[in-house]
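For this one, two forms of the same chain are given in structure tokens, first as structure 1 and then as structure 2.
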Structure 1
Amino acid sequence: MKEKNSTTASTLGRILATCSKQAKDYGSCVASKVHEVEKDLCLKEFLALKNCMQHTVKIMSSRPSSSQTSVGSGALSHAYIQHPSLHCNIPESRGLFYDDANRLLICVTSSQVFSWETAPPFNPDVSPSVDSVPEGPILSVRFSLDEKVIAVQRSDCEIQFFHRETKKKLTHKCRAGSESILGFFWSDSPLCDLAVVKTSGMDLFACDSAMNLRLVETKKVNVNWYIYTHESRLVLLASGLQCKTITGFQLSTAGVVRLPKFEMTLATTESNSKPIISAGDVHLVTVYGRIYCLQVDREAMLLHTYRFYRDAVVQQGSLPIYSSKLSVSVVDNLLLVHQIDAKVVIIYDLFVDSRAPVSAPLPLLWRGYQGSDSSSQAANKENKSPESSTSNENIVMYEDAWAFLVPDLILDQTNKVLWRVHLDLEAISASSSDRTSLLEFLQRRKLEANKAKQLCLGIARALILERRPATQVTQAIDVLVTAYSYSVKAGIYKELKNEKTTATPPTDGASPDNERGRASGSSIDGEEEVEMDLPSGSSDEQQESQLSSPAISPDELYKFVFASVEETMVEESDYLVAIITEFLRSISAEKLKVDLNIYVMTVRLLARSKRFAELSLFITNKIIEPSKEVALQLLESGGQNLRVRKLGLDMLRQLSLHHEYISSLVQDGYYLEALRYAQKRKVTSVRSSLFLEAAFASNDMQHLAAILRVLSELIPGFKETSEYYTFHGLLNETSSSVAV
């Protein structure tokens, strides 16, 4: 894995180094014009960059060293599709459909409906469930949310329902001639179970277990086309000559909410004074629990973004586009805009206010097998599975037959395979220079939490090892600590018990049943919230429950960052002290706890860099919390400085670690103080021989005499013990002049 990281990084590095000028030009152009609405914004710069990159990649891939099997315009990418794919090649197939509510890929023949679960990861060997339906044309298919009923749209005025268990059949028709059915979807709102969108509006039906349809409500709107995603539970109905007047409804578990009507923005040109928006130009995306609508404005070459709030729709700026054909995917809350003509994908993080892309436009990549990407393993698998090797050859990136499914699937209708889009976090990290925002970016990742976490740890380590200015490291630490604190408060963070097992996410618990169960349990009525609620049970929440978050606990930061760099930075204790001070400040500001090892380390570093003044301030002001371990480290470091040793002794006393305190006092020659303390605190665990031996070892017979005397007064019957005789004898031998 490591090998691959470094090769990816270095490949990227080389390409970016070669094209640095073009990349910079393009980046600064985009950054400077983000808010402007202008056609072909930065197109010149973009094409220059693209050409440069493709050229570089060509040169590099012509070298034999490239071991990775990949298709696309080059081995360099930030997003990729990867084996295994889901094959849905059914003979005599008449069409492929995607039921996003149940996440089912559906293939129909004249009389059969095949359906595959598409929950990750794909299992290429899984066989589809098969249902028979009467012969007839099929315009669209959707399973009811409990998957008991299959609904098939037969024509623009007829939908048929088939119960999979009772085999009951029902036909629903609209008034032929005056209106036609545009489509339908199932709903989990309490009001209705099914919505049928027609040219004259939307009919909402309740459907009981016996599959009786009852019209509940009709929303009268003239509709040209509509879009719906189950993820957002939002349906947008387009009307008007240019189809730019949008009426929206959210059919969530809280009921049916009507959104304020809004107009989409369309630029006009002389040649096209009345452009028309088609359904394919509008995309509903859900990121970070927010619902956005993206709309292509071809004349302006812009992708307008609108954000839905409960009581408002707010346009939120526009993204430049470089292709007249465009589609979007959402992976791990990131927006991927596929510039289909240019065959590149641009990644945006809508979380930040800036509309600058996360990284430069790069092609989508096809990758071999996951895991330790050694070519031998990939080749092995390819031998075993002939399908994959053939698909390898047949893949044409962004071909016309590609359909982009919500949120992150690509259906290749030519090859009849379904791909999932993945992000290459390593590549994105490697190409980002602002490491603070990169850390923030990585901390927001949930899909590959462990990878994001490891990358963050690596970045933090690198920042320190490269001896970056303390302010920069501080920012990075602040990002990590705040993210951790947030995730603890939100209850997302879970300790990684075994990092190896969590690297591959468990597959269970991702079934749509599970999702629905939770979705129905939630409500979206929170009036105090201005934000438009996202129905719970959305895909990213599900992933949260399976994976730990990339948040890094203070203990892990200590273990994997500070402790790991300490050895190599022995000479730079000053620098490490500065970093750790900031770390402790950050921790304290977030009211978090740290492992006491970090304190021990701080003591060690301060003592090593001879910063005794600060060390005593750290101790007296309790920046370093007292503990036995810290006290012992102080005693050890105090070998070079008596003041530090005293701090250690004081700490032992404060912690009532009587035994250690007394032993240390004795070790330092404070016999009487030790005895006094032992007597005062009634410490019996310390043997009297400890004092005697220490005094004897000090070679000061006066001490020994004094202690013998004190002990004989303190302990009744001490004079009768063998200890007394031994030491008394020793005393007399050594110096007869001292009287006891």
Structure 2
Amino acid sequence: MKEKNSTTASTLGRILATCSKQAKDYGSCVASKVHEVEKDLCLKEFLALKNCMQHTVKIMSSRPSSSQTSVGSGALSHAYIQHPSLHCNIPESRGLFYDDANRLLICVTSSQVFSWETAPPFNPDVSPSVDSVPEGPILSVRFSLDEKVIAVQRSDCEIQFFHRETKKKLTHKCRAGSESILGFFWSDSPLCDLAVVKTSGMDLFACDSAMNLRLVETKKVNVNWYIYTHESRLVLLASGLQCKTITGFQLSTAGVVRLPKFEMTLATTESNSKPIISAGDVHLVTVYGRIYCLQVDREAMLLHTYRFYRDAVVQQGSLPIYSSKLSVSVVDNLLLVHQIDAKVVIIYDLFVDSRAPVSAPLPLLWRGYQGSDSSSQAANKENKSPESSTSNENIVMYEDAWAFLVPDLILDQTNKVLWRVHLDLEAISASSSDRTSLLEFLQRRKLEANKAKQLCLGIARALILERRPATQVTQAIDVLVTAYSYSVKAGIYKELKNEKTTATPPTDGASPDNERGRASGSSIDGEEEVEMDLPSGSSDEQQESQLSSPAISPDELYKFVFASVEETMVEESDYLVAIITEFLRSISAEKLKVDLNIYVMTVRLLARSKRFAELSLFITNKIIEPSKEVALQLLESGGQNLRVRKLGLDMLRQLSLHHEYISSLVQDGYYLEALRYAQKRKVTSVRSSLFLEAAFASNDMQHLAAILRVLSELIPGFKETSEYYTFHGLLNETSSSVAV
């Protein structure tokens, strides 16, 4: 019984942790009105909490138990690492390195360099590339951007270069004693190919195909430590007693740009009046094409954010931290702050002005094989070799040997595996009660665009089915329509469709990465942020990120939202019409094309609720645009109202749909009017038998005789046709029987 109560309490705790904001809002509301107890007290806040808890329970119950598939403090998470990971079980390994420029995981022995590509998804069965190097210490190793040269830092004053094809060897040394090498990196700048950072500054070298180094320029700066990411092409050099004076250079395809020197913010205390910033306290991240520097201030327990512009570095605010040890990841333009001591992840979206987290802090989890088929999972586990798997018993979350790599990788030095961090958009959606903000958030997601789109469609349907206030539904629709309009204007939505059909490879001038830079307004001119010149040879994940879009077209909104809820809301047509009217307003404001089925549905709903006067206004004022489909629906709905049917007839005539107009007149019994219209408009597509058959079916022989007479006058030789003889004979037979 105790165990059961403990499990229940643990589950409730996870639910309340996810819905902490809603619970706080509801509690605050009740506390403020404790002396005003009445029915439906704090109903809005209660429904928000109830909805959040229901969604959370649904997600928790739809997943396998944590004891089978997850490692961490509970089975609910917003971020996770997942099988398969990339393993590097090399005997006599002396260390693991990550080459972010080439996206390579590197394992070194005394005389060999093993490298694996880390482009997603990880393939544990792929064998690494192997290169031989002379024996010696290895402090750092990086491949040139064309991967023809391996550079190995042997000591703080020596770097060796090895050509992989010609086996040529080159040694570069600095002045021992007066300066030391802190590190190096390769560059795609037109000015230089290699940058060597020393305590005396930064040397820029050009390297030709024969592996000859030529010093191009030296940047004189006293350097204590540096950080660099190939994604941003930005290197930050720290100097000063507290290492808080920062000099930045961007080595992009536009050249070498020197950024303004700036001072980082540091709080002081009586016990620590001169805190020192270390390289591990500073992180370079790129989100939405903007480059940010994140700096840990342990005394103030804050994470300061700085944004880089060409001629300024601006502090953008600070985020609270709850752990003295932390690191960061960037997944799908979201900042994940790993509070390592607390063993939780806090997710921030720097796109919005608010510095509030996207969702409540939750643990980072490890997830095993995905899928509900237990037999297939068992088969997969049997096929895994001990060398290529990491047992979940061996995984210690946020252990000291973890290294967080830019932008979304975790290198586990103990188990010698590389993990990729993933987001659970479904769990994040379930923990949010503000649907409008949630839709905006999902529309900015690119990495899992299809999942984000499906979640948005589900939210839109739920808002309507739950009969939420029309203003709330309107706000949600405006978000979706505006996002679609932007994606069309930016070419993102169109590119996705073209990519599916043509599959044209990206060129240097129009690479997915460059498209991202332009779409986000990333520029080096004026007051814009530092230019992002990313390589065209991007990973599949980046291509999906740029060529996919969660935007929802008006056609999709009709098909998956309005059409799917129409039958359910037969008794509440007025509510649905109000929502569709706002949808049409939003579409008109963005000057987008409307799916004709939306207009047809509006006519059907208005006629069903007998709001014929409003329907007439919708047609007259062109709120519903004229079309053949709308006209035919008006004719069908006009069976209950002649004025509506006349609107349908007038629309057919306005659109010059002569055949349909004449057929409708004949159907209503206006044979002669239909004949005169056909004669006046010279309509030849209508068969004469249409009029004759309709008149005969009406049993009005006078009409039949009149039509025979008019057709004889209009059509030369009509009396010689089989139609004339047939219907003239029928007319005579009927007349004779009447006379008898």
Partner chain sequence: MASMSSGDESLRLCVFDLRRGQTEGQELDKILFFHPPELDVSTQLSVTGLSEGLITFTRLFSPEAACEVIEAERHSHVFYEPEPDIWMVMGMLKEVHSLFVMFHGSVRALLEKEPTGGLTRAQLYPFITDYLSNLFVGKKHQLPNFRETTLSERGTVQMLTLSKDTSLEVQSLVQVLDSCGGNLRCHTMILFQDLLVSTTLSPNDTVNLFTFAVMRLTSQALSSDASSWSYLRKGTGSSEASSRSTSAPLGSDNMHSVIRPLQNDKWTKGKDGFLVTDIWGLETGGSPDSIIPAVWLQQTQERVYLLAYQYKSLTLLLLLSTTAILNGDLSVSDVKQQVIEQASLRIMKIEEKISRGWGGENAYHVKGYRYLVVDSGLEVSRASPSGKVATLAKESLLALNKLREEVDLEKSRAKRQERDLEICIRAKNNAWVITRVTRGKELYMALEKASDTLLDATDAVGRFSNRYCSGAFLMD
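In this text the structure is predicted, and so the values were computed from the model without any measurement. What we label the rigid core is the largest C-alpha set whose atoms superpose within 1.5 Å from one form to the other. Every residue number counts along structure 1's sequence, beginning with 1.
Number of the structure representing the form predicted on its own:
The chain shown second - structure 2 - is the form that fits the description.
Against the rigid core, is the Cα displacement of Pro121 between the two structures at least 2 Å?
No; Pro121 is a residue whose C-alpha shifts by less than 2 Å between the two structures when the cores are overlaid.
For a quick test of reading the superposition: does Gly201 move by 2 Å or more at the CA between the two structures, rigid core aligned?
Moves: no, less than 2 Å.
With both forms fitted on the core, give yes or no for whether the Cα of Gly669 moves by 2 angstroms or more between the two structures.
Indeed, Gly669 is displaced by 2 Å or more.
What's the distance in angstrom the Cα of Ala706 travels between the two structures, core superposed?
The alpha-carbon displacement, core-superposed, is 3.7 Å.
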